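Read the single chain below, which is given as structure tokens and is the form predicted on its own.
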Amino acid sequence: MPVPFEMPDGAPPIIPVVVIDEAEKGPALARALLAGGIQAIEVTLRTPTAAEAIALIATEVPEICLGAGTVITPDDVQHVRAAGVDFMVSPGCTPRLHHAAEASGLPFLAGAVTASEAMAMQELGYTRLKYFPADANGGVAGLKGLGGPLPGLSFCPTGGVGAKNAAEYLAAPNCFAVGGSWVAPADAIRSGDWQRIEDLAREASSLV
């Protein structure tokens, strides 16, 4: 059975989704998020330095709940597991990816946006899924629409989620967390503006 993802006890249901171009900035970013009250982070595998950044965060800031995003192949699963992640996230799922994730023993947020996709994942034992891209697939209304026929599933929407609509998503009965890049913008990471990220994290934490 897949391992369900759980937010850390007492943590606000916010997961910043970040792209890190310079691996050495990963630990400082994680510390800024923690200082602002955010206890989880998803580092996407969209840069050549992502795995190194993940490994540095895992070593230097072990108190943050560390996830890897854009995990789309069994090889990705092996690489991020070796780097020390606490959970994995994917925009979708395939049979090979499901089996690799299940074998890893790590919590896995697989993506689903249609009823058929969600039902297929539920048959495999998933109870928590990623809803991506959220706004392009009906936004809050689309998410809530899945709740009636699929009450056993809850979702973490990402894609178009930001400061202006995060609270509306979180108010949906089948939403357990939201993910987005607004808490740690790419330009702030590149410039090393950790105070700005800490302030944004504190604002995001107050949404709950």
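As the structure is a computational prediction, the values presented were derived from the model and not from experiment. Numbering starts at 1 and runs along the sequence shown.
What comes next is about the form predicted in complex with a small molecule, which is not displayed.
- At the 4.5 Å threshold, heavy atoms of G36 stay clear of the small molecule in the model of the complex, well away from it.
- Interface residue remark: P27 is not counted as part of the site for the small molecule in the model of the complex, having no heavy atom within 4.5 Å.
- The small molecule in the model of the complex is approached by G160, whose closest heavy atom lies within 4.5 angstroms of it.
- Interface membership of V17, defined by any non-hydrogen atom within 4.5 Å of the small molecule in the model of the complex, is confirmed.
- Proximity to the small molecule in the model of the complex, taken as heavy atoms within 4.5 Å, picks out 152 to 160 from the listed stretches 139 to 147, 28 to 36, 51 to 59, 152 to 160.
- Three-residue candidate spot R46, F132 and G180; every residue lies within 4.5 angstroms of the small molecule in the model of the complex by at least one non-hydrogen atom.
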